[in-house]
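Let's start with one chain on its own, the form predicted on its own, as structure tokens.
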């Protein structure tokens, strides 16, 4: 089996891209994990309580849904199995909901059997250092072999349930509930019929619409307006999108291969994991856009003849040095070579 799941690319070893929410909600003076639901003895655990239990050290690979991976990350914490042994699990418990101390109070869930089988860890240390607030400290559940949105930052609650309860990323953002990177279970498509899609495309105004997985391959959509639209995993391959306005749109994992995007506006857009291979990006504006995991050329381009690199045209593209450095190593090298 390949080290990397399909569609993923490595970030440089020292990088850990910051994605999702960037800070927790109001923090309590003493951090506690509220373990509740279908357990025999619901109770609160402080970080000190957890650290007094048998500690588990795991080396895992992080796979983000926005197509970047970071390999061989060492976490220390208490295993979910050991923690649940402290409280007793009722026979009616079927799912585990992990709750965040974030401004939106978001959560994510797994079947209890899956969470245990994958050896879920409640971690407070990474690579020999306390887990930072930026990456979910002081406590984060770590779920190996699942996209990392299942590993909830700022973990403050764990509830066992008889029925599944979808979290924010799954119910509101359209992320796949199973999240298996080896199956590329990234998103669920929005529920939109073909007639509605046709009408929207005729107006060329998709402003603020939720159109996950939207299919627009090969269409002529010059001057399209899609400001603030939610278009994760949308398909614009081979499309004609000159001067399209995607300002502040969410286009994570969108497909723009072979598209004509001359003069398009991606200011402050989320294009994490988007594929621009062989696209014409002449004079495109990416100022303020988030680019983690984006592709402008095939991953092994340096070993291939120019005719096989599927390289995007970058003449006049507005990208800052900081944005270029956020890309995977090979992608950054290509952009540095093509841009002044």
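Positions refer to the first chain, counted from 1. Everything quoted here is computed from the prediction, not taken from an experiment.
Only in words, not in the display: the form predicted in complex with a small molecule, which the text now covers.
Site residues 251, 256 and 278 are none of them in contact with the small molecule in the predicted complex, judged by any heavy atom within 4.5 Å.
Stretch-level contact check against the small molecule in the predicted complex with heavy atoms at 4.5 Å: of 220-228, 81-89, 152-160, 206-214, the positive one is 152-160. Distance criterion of 4.5 Å from any heavy atom to the small molecule in the predicted complex singles out 140 from the list 186, 262, 237, 140. Interface residue among 135, 176, 165, 243 relative to the small molecule in the predicted complex, by the heavy atom within 4.5 Å criterion: 135.
Among residues of the shown chain, residue 102 is one whose heavy atoms approach the small molecule to within 4.5 Å in the predicted complex. Residue contact check for residue 19: one or more of its heavy atoms lie within 4.5 Å of the small molecule in the predicted complex.
Contact check for residue 68: a non-hydrogen atom falls within 4.5 Å of the small molecule in the predicted complex.
By the criterion of a heavy atom within 4.5 Å, residue 124 is excluded from the residues contacting the small molecule in the predicted complex.
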